[in-house]
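This document starts with one chain, in the form predicted on its own, laid out as structure tokens.
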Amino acid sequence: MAKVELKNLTKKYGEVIAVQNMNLTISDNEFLVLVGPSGCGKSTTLRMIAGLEEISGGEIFIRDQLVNEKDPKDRNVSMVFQNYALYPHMTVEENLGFSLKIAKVEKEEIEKRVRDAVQILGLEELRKRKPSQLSGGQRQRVAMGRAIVRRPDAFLFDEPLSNLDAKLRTQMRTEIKKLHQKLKTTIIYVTHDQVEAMTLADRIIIMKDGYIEQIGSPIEVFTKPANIFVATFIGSPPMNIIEGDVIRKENKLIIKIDDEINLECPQKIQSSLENKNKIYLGIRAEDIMPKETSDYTNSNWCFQKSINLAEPLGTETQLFFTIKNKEIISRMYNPKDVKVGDKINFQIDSNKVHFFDAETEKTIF
């Protein structure tokens, strides 16, 4: 397949900058996911790679060839859209082979490629059906098959699962991952769903307002977020962000959260806080643990709060409480009956707390 390279890629709509100076190399056979909120520039980037969107500046290379001036049909990439874009009057196999027929590929070759795509995607029993006779998941598999038959250098997916229900989305995620393993092809995938991004990607790019906020493996962006935006975007439920005051007391640095919670500053970040008065703490729900006893002698990272809401989810219960007028979520993995107003003792795993600069919102390492 092919390496895709973007150099200073920029897209402007009048004075509005949709994508700003993007530099990125997507390796051969890599599964890269662009993720971010609506309007961050991820779909615009994908459409520029496909040639469906004119670029305002920069260069796009596919298989080391500059493709800025090439038409979409000459870039040898296949795009799968969220709305399937199937021809309603054609059967499944006619839909699959239509682009090859237009390209004047020989009939025997078309039949072979269609047969291969049908086998890969398990569409054998659906070959003679029309799109109106298919479920949403089946239509999306046909759309993927239409991309496969072209044997492109890269597959481009633009939020392909957003029209499916939750169960189908899970199934189709598995299908797409298996497809990548079978075809060993370069895939660039756009989604606003961070669960899709985490489960599918070799590498994730988190975008905001046309800029890349962070690039890394799913584990890297989850465990070492570059800033508060990434920290709260990746992970479900979102990371809790709590503001703290940095106080000097008896030659120690204390992080004061509220009148009841005063935390001794970990040694590893003390030097970074010498000249700061405020800091943000990022704590994932699973790292704020309900504590069976109120014995705080071994740790000052303990406190007690009244529960505002408890959501039993089977294997876990999510507990909601308030710190400084902000809703905080904790995960309890040994479910028991918790009622609104119950006072629960919590302990924070201080080794897993993320610290962010109060001014830049960037991670303090």
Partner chain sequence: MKHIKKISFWFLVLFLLILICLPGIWIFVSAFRPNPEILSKPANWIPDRWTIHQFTQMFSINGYVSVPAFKYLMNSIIISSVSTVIAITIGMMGGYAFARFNFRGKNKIFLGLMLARAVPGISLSLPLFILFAKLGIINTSFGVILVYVAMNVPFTIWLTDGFFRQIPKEMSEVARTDGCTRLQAFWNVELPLAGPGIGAAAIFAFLLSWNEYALASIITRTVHSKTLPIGMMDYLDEFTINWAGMCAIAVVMIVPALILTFIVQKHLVSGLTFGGVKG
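This structure is a prediction, so every number in the text was calculated from the model and none was measured. Positions refer to the first chain, counted from 1.
The form predicted together with its partner chain exists for this protein as well; it is not shown, and the discussion that follows is about that form.
S.K.: Please tell me whether the candidate spot formed by Gln119, Phe157 and Lys184 is one where all three residues come within 4.5 Å of its partner chain in the model of the complex (heavy atoms).
M.R.: Contact check failed for every one of Gln119, Phe157 and Lys184.
S.K.: Within a 4.5 Å heavy atom cut-off, is Asn83 in contact with its partner chain in the model of the complex?
M.R.: Because a heavy atom of Asn83 falls inside 4.5 Å of its partner chain in the model of the complex, the answer is yes.
S.K.: Decide whether Arg47 counts as a contact residue for its partner chain in the model of the complex under a heavy atom distance cut-off of 4.5 Å.
M.R.: Because a heavy atom of Arg47 falls inside 4.5 Å of its partner chain in the model of the complex, the answer is yes.
S.K.: Looking in the model of the complex, any heavy atom of Leu309 within 4.5 Å of its partner chain?
M.R.: Because no heavy atom of Leu309 falls inside 4.5 Å of its partner chain in the model of the complex, the answer is no.
S.K.: Please tell me whether any heavy atom belonging to Phe98 falls inside 4.5 Å of a heavy atom of its partner chain, as the geometry stands in the model of the complex.
M.R.: Contact with its partner chain, yes.
S.K.: Have a look at Pro131, Pro266, Gly235, Gly216 for me and say which one sits with a heavy atom within 4.5 Å of its partner chain in the model of the complex.
M.R.: Answer to the contact question: Pro131.
S.K.: Among Asn227, Gln138, Asn163, Thr199, which has at least one heavy atom within 4.5 Å of its partner chain in the model of the complex?
M.R.: Checking each option against its partner chain in the model of the complex, the one that comes within 4.5 Å is Asn163.
S.K.: What stretch, of 284 to 292, 99 to 107, 169 to 177, 240 to 248, brings heavy atoms to within 4.5 Å of its partner chain in the model of the complex?
M.R.: Careful reading of the contacts points to 99 to 107.
S.K.: Go through 72 to 98 residue by residue and record those having a heavy atom within 4.5 Å of its partner chain in the model of the complex; state none if no residue qualifies.
M.R.: In sequence order, Pro72, Lys73, Val77, Met79, Phe81, Asn83, Tyr84, Ala85, Leu86, Tyr87, Pro88, His89, Met90, Phe98 come within 4.5 Å of the partner.
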